[in-house]
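One chain comes next, on its own, written out as structure tokens in the form predicted on its own.
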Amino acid sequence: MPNDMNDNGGRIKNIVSPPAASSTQPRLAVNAQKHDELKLLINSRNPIITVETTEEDRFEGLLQTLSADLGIPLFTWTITTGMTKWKGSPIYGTDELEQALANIALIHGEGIFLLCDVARYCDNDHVARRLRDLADAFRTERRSLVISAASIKLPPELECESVSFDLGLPDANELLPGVNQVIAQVGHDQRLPITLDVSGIAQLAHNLVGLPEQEALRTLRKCLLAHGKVDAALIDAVLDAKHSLTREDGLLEAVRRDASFADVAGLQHLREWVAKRKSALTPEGQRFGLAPPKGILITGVQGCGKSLVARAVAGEWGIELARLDAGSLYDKFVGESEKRLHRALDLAEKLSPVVLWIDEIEKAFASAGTSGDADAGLSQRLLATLLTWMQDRQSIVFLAATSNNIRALPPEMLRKGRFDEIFFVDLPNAEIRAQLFTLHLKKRGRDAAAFDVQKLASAVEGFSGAEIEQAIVAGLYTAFSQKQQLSTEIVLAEIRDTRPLSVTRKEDIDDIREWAKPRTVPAD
């Protein structure tokens, strides 16, 4: 590996060597689980396998590995190249799909036939008939037609002959060879210094999980060019870039860990519960037999910090945080909503270990507790998908859900085994209100010792944490307009002009607290 002398004290910087192999080298890592799933489908004599994916190259790499493993020849067809045998030449006279299907019927013995973008031609009666005839002939041998496209909708007569395979997104092990190759190529071309060790580069690959392979490698390349070096700061830069991309998707948003229990007042019981479960994420805890925690449901009075708690858990444990926008699950096309939820949960498992945060979960699943007539049973199907996943998942995905109206949730979601615990966050007492004033004043650059915090805490009995924060925010506006420093008196004046939710919606708040007392665990 060539070296370059740094003028600063003669320190040597490592320059990445150029890649030894071309960018078209065979894939070095394949997802073992997906390999085994697809292998099982082929060995089970499924005549038609459908795969919805935009990652043609990655899927073809999986098929090539599987073909070599099973000792079965692999053929591919596209409208531009016709049919080609892997590591062979194109087969003459197969440019047209019907010709290619006729040739497949003449090929004897076992085989895997990858047909790219064929779904769009299946409305043609001749094509549909050819595929049905092949399906009939393929049932007794390991011969499978694999139809790949970004979106697939087969006619009913073909759909009943087919089984779907979910390729999913690449995991860190699949991305690592490409990450190494991009670092080598860009590092050589741009003569970038590299200080990341093997574990740091592995973390880069993990931080790109959640993106399709080529998008992940483009993101890494862009970050390398912008950052100009391969160091620890690149790890955070790549994570920020991924967060921006996943936000655009609008389904599962990776959120930066910006909170911990240092930002939360009170909730001592919940803090202790979370601290105990952290040990289950360590190798020592797992060897001891501790099972990773499944999740918590946080309910309570509005404005008392339920969402902040969900974010603080990720900060305390030092793992990624992803937010599922429950409202974005719903799609106008039949079956698409369920697919979106499957994709979101699959992505969450790829990000493992991760805290999956679902805010106001009742907005997505409240209708599941009714007859289902309101949405033709869609929310019930989504609920069934989520409950099955909550029960069966093996990866470390901690579900932190919040709810303002827990009674709107169906009872099957609340039973033991779905969530580890249901916590209730109540209005803060005097001690916690004082802590909240101290926290929010410090957050805005004020010394809490300059304020009569106890007097302020007494004045806001019945206020939620959000209402206490807004009293300080309003006081800052008043102080600035009066060209004064913020003071206890200014904040007290704002408090006197505020009617908290516990007053304006007293009956509702009392009802929530009364319902929760015998049914939930107090967070404090």
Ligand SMILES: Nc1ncnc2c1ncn2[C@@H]1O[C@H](COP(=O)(O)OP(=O)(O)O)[C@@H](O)[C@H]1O
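All figures in this text were calculated on a predicted structure; none of them were measured in a lab. The first residue of the sequence shown is number 1, and the count goes up from there.
The following text describes the form predicted in complex with the named molecule, which does not appear among the structures shown.
At least one heavy atom of C304 is located within 4.5 Å of the named molecule in the predicted complex.
Under a 4.5 angstroms non-hydrogen atom cutoff, the named molecule in the predicted complex has E469 among its neighbouring residues. Of the heavy atoms in D263, some are within 4.5 Å of the named molecule in the predicted complex. Under a 4.5 angstroms non-hydrogen atom cutoff, the named molecule in the predicted complex lacks L74 among its neighbouring residues. The candidate spot formed by G210, L321 and S395 lies out of contact with the named molecule in the predicted complex, as no residue has a heavy atom within 4.5 Å of it. Only one listed stretch (413-421, 304-312, 235-243, 106-114) carries heavy atoms within 4.5 Å of the named molecule in the predicted complex, and that stretch is 304-312. Here is the short version: of S279, T84, Q99, N404, the single residue with a heavy atom within 4.5 Å of the named molecule in the predicted complex is N404. Proximity to the named molecule in the predicted complex, taken as a non-hydrogen atom within 4.5 angstroms, holds for one residue of L175, L252, I361, L436, which is L436.
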